[in-house]
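Consider the single chain below, provided in structure tokens and representing the form predicted alone.
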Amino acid sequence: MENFIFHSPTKFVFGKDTEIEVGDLLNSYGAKKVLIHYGTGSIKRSGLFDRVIESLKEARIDFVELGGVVPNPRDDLVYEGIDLCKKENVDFVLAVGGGSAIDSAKAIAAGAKYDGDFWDFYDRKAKIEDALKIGVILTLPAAGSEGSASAVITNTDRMLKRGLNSSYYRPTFSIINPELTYTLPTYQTSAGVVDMMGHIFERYFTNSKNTLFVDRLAEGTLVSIMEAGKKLMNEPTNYEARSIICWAGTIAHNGFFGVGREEDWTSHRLEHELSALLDVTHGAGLAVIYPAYMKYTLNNHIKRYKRFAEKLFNINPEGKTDKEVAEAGIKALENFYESIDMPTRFAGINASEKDIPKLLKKLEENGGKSFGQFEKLTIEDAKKIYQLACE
């Protein structure tokens, strides 16, 4: 293991009916006026919004609201939220939703304590030095933003999707009630499964040595996610499966699986350009990118992919070369994605080979001509990976 610092200060409140505790939680952190930030209205149709409001009123906490967050959250709503927080003297941002609402809330929280343009942080022109406190009521397990120090925002004018890490982005508390995810469309549940698996893959595929302990933790979590994801295809109200998905999605991206090892994030970079250009659901885009990335990098990392195949998919190595075992593992991953109705090719996300030049241009604009830790790649390598995803 390499040296590491792991700090995850978020208080997690997990279980049935925990959303009604939000008022007391906010009081315990001294909140006086809260911005409730959410998506396109499902929390109102489900009755969750009313329960949250009742809890805040009982706790005598004032609030304002801002809905309208969409997948791949946009900068325009962040600006609106920042203005609202400053105008109303908000001191706490409460995100009610999934990763998009949470990421948008994080950017608002930082921007509300900054005199300039919040995008300065994403352009690396300024560093976050203060932010409003952030709370979360999770309704969509996927991004892990309820426990992470990261937030991804899309700049609509420049068609850029960028992520940013900051200790100020760690939520103060996160409420996770698996029952709130019962009514999620199957597509969103499956995309979330792919997303949280991807957060582990970005740490699992590493060149760091002596990582066996964390490898085993990661492998067990990935198998648990896949088992629960398959079960939810036919049993959407299975509480145990929902609980596994909710908690696994949280620890997949709070830094737990990154301790003592070098992380990669190449596949996420490749996918971000897809979702920025074509507004693809992030998890669906990752289901297309990961098999292509794995196939492209296989030859230089056969032993790592062989372990992946054996531990996640029980591929029997008898009578096979190491490469054949590794290839069987990648095929098994594709089969799993398809079994939960996720695409594995460009055509499944309405993309085509003609989009590749635009993707490469934005990829270079966002991060230069070379990238990657698990394997050092160039823009030409990225082109070949995108092409593999078309086949």
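None of these values were measured; they are calculated from a predicted model. All residue numbers refer to positions in the sequence shown, first residue = 1.
This next part talks about the form predicted in complex with 5,6-dihydroxy-NADP (NZQ), which is not shown.
K.L.:
Any chance Gly41 has a heavy atom within 4.5 Å of 5,6-dihydroxy-NADP (NZQ) in the predicted bound form?
P.N.:
The answer is yes: Gly41 has a heavy atom within 4.5 Å of 5,6-dihydroxy-NADP (NZQ).
K.L.:
I'd like to check something about Gly116: if you look in the predicted bound form, is any of its heavy atoms closer than or equal to 4.5 Å to a heavy atom of 5,6-dihydroxy-NADP (NZQ)?
P.N.:
The answer is no: Gly116 has no heavy atom within 4.5 Å of 5,6-dihydroxy-NADP (NZQ).
K.L.:
So, in the predicted bound form, is Pro185 in contact with 5,6-dihydroxy-NADP (NZQ) at a 4.5 angstroms heavy atom limit?
P.N.:
Heavy-atom contact with 5,6-dihydroxy-NADP (NZQ) at 4.5 Å: present for Pro185.
K.L.:
With a 4.5 Å heavy atom cut-off, would you call Arg45 a contact of 5,6-dihydroxy-NADP (NZQ) in the predicted bound form?
P.N.:
Result yes; Arg45 sits at the interface with 5,6-dihydroxy-NADP (NZQ) in the predicted bound form.
K.L.:
Name the stretch: of 108-116, 303-311, 174-182, 225-233, exactly one has residues whose heavy atoms fall within 4.5 Å of 5,6-dihydroxy-NADP (NZQ) in the predicted bound form.
P.N.:
Going by heavy atoms within 4.5 Å, the stretch is 174-182.
K.L.:
Pick from Val152, Ile128, Ala292, Cys85: which has a non-hydrogen atom within 4.5 Å of 5,6-dihydroxy-NADP (NZQ) in the predicted bound form?
P.N.:
Contact residue from the list: Val152.
K.L.:
Exactly one of Thr221, Ser148, Thr266, Thr206 has a non-hydrogen atom within 4.5 Å of 5,6-dihydroxy-NADP (NZQ) in the predicted bound form; which residue is it?
P.N.:
Of the candidates Thr221, Ser148, Thr266, Thr206, Ser148 is the one lying within 4.5 Å of 5,6-dihydroxy-NADP (NZQ) in the predicted bound form.
K.L.:
Using a 4.5 Å cut-off on any heavy atom, which residues of 189-226 would contact 5,6-dihydroxy-NADP (NZQ) in the predicted bound form?
P.N.:
Read in sequence order, the residues that approach 5,6-dihydroxy-NADP (NZQ) (within 4.5 Å, in the predicted bound form) are Asp195, His199.
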